[in-house]
Structure formats: C-alpha cells, structure tokens
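Take a look at this one chain, the form predicted on its own, written out in structure tokens.
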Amino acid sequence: MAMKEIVVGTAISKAAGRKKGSLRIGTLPDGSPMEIPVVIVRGSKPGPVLWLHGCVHGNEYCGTFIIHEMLSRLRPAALTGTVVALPALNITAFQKGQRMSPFEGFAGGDLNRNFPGDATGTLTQQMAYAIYKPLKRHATHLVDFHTAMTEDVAWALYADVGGKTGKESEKMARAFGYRSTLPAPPTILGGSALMTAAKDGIPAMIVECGGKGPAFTQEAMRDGADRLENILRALGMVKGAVVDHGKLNYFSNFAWVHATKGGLFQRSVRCGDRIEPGSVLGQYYDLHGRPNGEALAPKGGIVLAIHPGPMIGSGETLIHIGLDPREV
C-alpha cells in the first residue's frame, strides 16, 4: 500500500527516506519569497507524525541546534512514523538575531501570539498561516523549541487541555523530563502554536532550553536531543526503553516580573533555584561601582529565567517564576 503523501512546501515525502525543501511563509520587501528550510524524515512503517520547529523567536537558536542534532541521529529504516522539522521558523528575525521580524511594521509582531494566522493579515499573521496550515494537516504531535536569557534555562510546558490530547501532551513532557514543568491551562498563551495545536486535537509541548543568541552550551544541546529522542521512544517511533525521569515539579502558573529601575546588575540566583517572597534576586550598581539597591522577589516559587546582566533597563524582564511548585 502506498504511503500517504506529506507535503510541506517543496519538501514532498511519498515513501521512506529523507526529503529536504523549503516552505514559503511570506514575501520580502523587495518582492522575493521569504522561505524557511524543511526536513522530512519518514520511516518504513506508518506511525505518528512528530512536528518539530525552532526559532519562533528569531534569536532563540538552541532549538535549531537540538533539531539538527536529532535529525543527524534519525535513520528511516529504524523509524516508525515521520519527523517533520522546521529548524528556523522566523527566518528574517533569525538572520537579524532578534526576536521578531525586522520587516514587521505593525503591532503584534510576536509570531507565537499569531497562530493560526491570517492569509491576508500582517506579515507575522501571514507567516503563522503558512506554517500552521501544513502543521494542522499532517502533525499528530508538536514540540516547539524556545530559549530564554541564560545558559542554565531548562524548563518545559505542555498543553493541559484535558482528554486524550492533554494526556498525550503530558506523556511527551514527562518523556522529555525537565524537572521544572508547567501544565499550561488553555486560558494562557493564546495564539501560541502550543495552544492552537492542542485546541485542534494535536498534543503539544514547549521546551525552553538555554539562552538567546549564543547563550547556550553544547551540553544543553546534546541533552535536549537525548530527551527529544526519549519522546520518540515514548511515542513508539524508535525502539528502546523509555527513560523515566522521575517526579517533576509542576506549577500552577508562572509570573513575569519586570525591573523597576535600570542600572548595572548582577544576578544572585540561577534557574531551578527555589525562592521565597523577598528573596534577593540580584544587586544593582551605579556607574561608579557603588551598590544601588537589591532586586527582591515579589513572589515565591522556582526560578525559570533570570536576567543575566550586566545591564538591565527599567521595565525589562527581571525574572520568570514558576508558581506553587508541587512534586508529581
């Protein structure tokens, strides 16, 4: 029996093997096409279609490297199902080394708040539409890679939407096994690929690994690929025993805390640390090197991300806190 055709842009898979191509997601200001790379690795047996994408935010490169490391390990003959990988989603932001496209001239340029997109909308809405259309058509599972601010970032979210979709999302998150994990309720992250996919019945999770730009390590990248491979084992896509990462810290939600002033800044906590209300997060200094106040935690929980310094502007994100951690 012939396999069902999988088409993502010019990458077309009709049988076991590896196909590469590109997906047009918009038009550049000079009228030329805006295209992103696509890799389809298809196994010899039918099974799940695991969709992987990185750099929804252009300067979050660690996910791109994790995806490439995972792709280098895949062998079609040993794979059940298909992996569809888009390693650099927000391509013009990726090239520029910034969060959003430099060509987005309108409000709402965050690609991860614009799914499922709009074919006649803003540039970012058109990008989201072009990406989500084949995702919805083909994907049975989604892993969306992001990064934060420092190399020690390591946490995850899964779509806690109930039913089979929610259970399957949790299975992926537990197979990935980051100790800090948020069961994300459907009331948050509206317009994200995570929630849009989950509401369409596609189990989904987000991985937050490493920091923006080059702020991640080879160890974090290889560990991320190892954990991603464990998801493939959990989904029955590759053979081998599924690693049990043990109990995880689940959160009720998260809180973004912004700096109330600017200055030189040195952090006092690392990702994964437990903090209490009033804990010292870091020290401000003036340009003469004199201490100029402490940054204190307004809430308790676990540190998910923290500003690295050496300078912080008033209103910038100071810390991201996982609230009400409980071991599950």
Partner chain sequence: MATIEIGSAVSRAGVRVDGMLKVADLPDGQPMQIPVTIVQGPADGPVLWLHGCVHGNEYCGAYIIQAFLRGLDPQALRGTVVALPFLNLTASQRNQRMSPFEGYNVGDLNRCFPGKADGGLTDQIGHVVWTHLKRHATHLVDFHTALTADTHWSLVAGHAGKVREHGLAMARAFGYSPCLPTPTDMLAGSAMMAAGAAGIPALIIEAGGIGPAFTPETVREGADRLRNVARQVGVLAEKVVDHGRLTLVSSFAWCKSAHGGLFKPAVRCGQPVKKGGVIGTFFDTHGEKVADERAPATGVVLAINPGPLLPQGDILVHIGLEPRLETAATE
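This structure is a prediction, so every number in the text was calculated from the model and none was measured. Numbering follows the first chain given and starts at 1.
A second form of this protein, the form predicted together with the partner chain, is not displayed here; the remarks below concern that form.
Taking a 4.5 Å heavy atom cutoff to the partner chain in the predicted bound form, the contact residue among V269, A297, I302, L264 is L264. Checking P37, G282, G43, P48 against the partner chain in the predicted bound form, a heavy atom within 4.5 Å turns up for just one residue: P37. Of the candidate stretches 177-185, 139-147, 216-224, 164-172, only 216-224 has residues with heavy atoms within 4.5 Å of the partner chain in the predicted bound form.
Taking the partner from the other structure, the partner chain in the predicted bound form has a heavy atom within 4.5 Å of a heavy atom of P310. For the chain shown alone, P277 is not a contact residue for the partner chain in the predicted bound form, no non-hydrogen atom being within 4.5 angstroms.
At a distance threshold of 4.5 angstroms between non-hydrogen atoms, K20 is in contact with the partner chain in the predicted bound form.
A residue is said to contact a partner when one of its heavy atoms sits within 4.5 Å of a partner heavy atom; P203 fails this definition for the partner chain in the predicted bound form, lying far away.
Not one of F115, Y129 and P134 is positioned with any heavy atom within 4.5 Å of the partner chain in the predicted bound form. Contact annotation for 68-83: residues with any non-hydrogen atom within 4.5 angstroms of the partner chain in the predicted bound form are H68, L71, listed in sequence order.
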